[in-house]
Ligand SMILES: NC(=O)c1ccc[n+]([C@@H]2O[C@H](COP(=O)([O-])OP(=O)(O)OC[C@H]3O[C@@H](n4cnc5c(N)ncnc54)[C@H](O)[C@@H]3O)[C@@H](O)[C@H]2O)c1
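Only one chain is included here, represented as structure tokens and corresponding to the form predicted alone.
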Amino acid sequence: MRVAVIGSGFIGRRHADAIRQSAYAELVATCDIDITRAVAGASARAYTDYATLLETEKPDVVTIATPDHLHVEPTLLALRAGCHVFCEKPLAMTLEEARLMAETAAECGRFLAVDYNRRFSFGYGKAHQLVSEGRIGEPTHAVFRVTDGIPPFVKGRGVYAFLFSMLTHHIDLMRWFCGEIVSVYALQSRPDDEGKFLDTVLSFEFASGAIGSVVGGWREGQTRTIETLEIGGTQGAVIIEDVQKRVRLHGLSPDSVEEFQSDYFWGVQTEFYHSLDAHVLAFLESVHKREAPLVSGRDGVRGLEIVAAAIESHRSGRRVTVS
């Protein structure tokens, strides 16, 4: 398959490197408004205009790694040009635009994926395997704690930027582990000088009857994400530390603990962005096999539906049903 990357910053270059590893794909072009970035490290042809790239190269697959607020137009144009699309999260900055992207993919008969790459990390992947095997019984509750530094690119992105730019990942993981979210209650605190809320608590109810919460915040100067997820069940609990660091499985006895750690000697990748590489490679394989991707555009839409409900909850002061 002929593949092109639109957006050649750090994440776009990561996309390109992963594509080069695929047995199913050839990187034919990259695109960035800064031609020096598009060219850097690329054996493929470089463009500054994605419409020209699509018309000239006619790729089978396009990956989108532009800034968050610039995902919509290149995705729609690529889908309408007959490309399958792998898009960074969030799909869009509004729910209406995200729905349009998913609807366009369906109308064009193309696959659209959103990069919730944490599903492909060692920690969350191992924990999901344990939960799926019934090692904790039926999930009954989930608690997520996450903090990170304030990214410079969120300046001017609105008061709920933390929900869009950070917590869509964690909302997706809650759905992956516990099933569909049917209601949400949101609290926000500590706005910065722009009015952006830096701390958030989201309380969820799942269709299964389980309950959960995400507690998170941005911290000026923090150098990387720190996060812990606990999934409690009828027969125990599983705890994921720092995405990749450690997974602990607890039984009903407090002394019944199994521990799992990634292992360099057995080929398990432990660097955070290896999960992004793995997601790109999995998407290319699914397109090659004509199979739906694990994380579809509809998952991206659902994440933004839950964000929209959380914003409504915060503004109204009540729990909101997610339609």
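It should be emphasised that the depicted structure is a prediction, and the values quoted were computed from it without experimental measurement. Numbering starts at 1 and runs along the sequence shown.
FYI, the form predicted together with this ligand isn't displayed, but the following is about it.
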property	result
Touches this ligand in the model of the complex: Pro67 (any heavy atom, 4.5 Å)	yes
In the model of the complex, Glu88 touching this ligand (heavy atom, 4.5 Å)	yes
Non-hydrogen atom contact Ile11 with this ligand in the model of the complex at 4.5 angstroms	yes
Partner contact for Phe153 in the model of the complex: this ligand, 4.5 angstroms, heavy atom	yes
Proximity to this ligand in the model of the complex, single hit among Asp277, Asp60, Glu57, Asp32 (heavy atom within 4.5 Å)	Asp32
In the model of the complex, the one of Thr140, Ser165, Thr104, Gln244 near this ligand [non-hydrogen atom within 4.5 angstroms]	Ser165
Residue stretch of 231-239, 203-211, 130-138, 68-76 approaching this ligand in the model of the complex, non-hydrogen atom distance within 4.5 Å	68-76
Members of 101-116 lying within 4.5 angstroms of this ligand, judged by heavy atom, in the model of the complex	Asp115
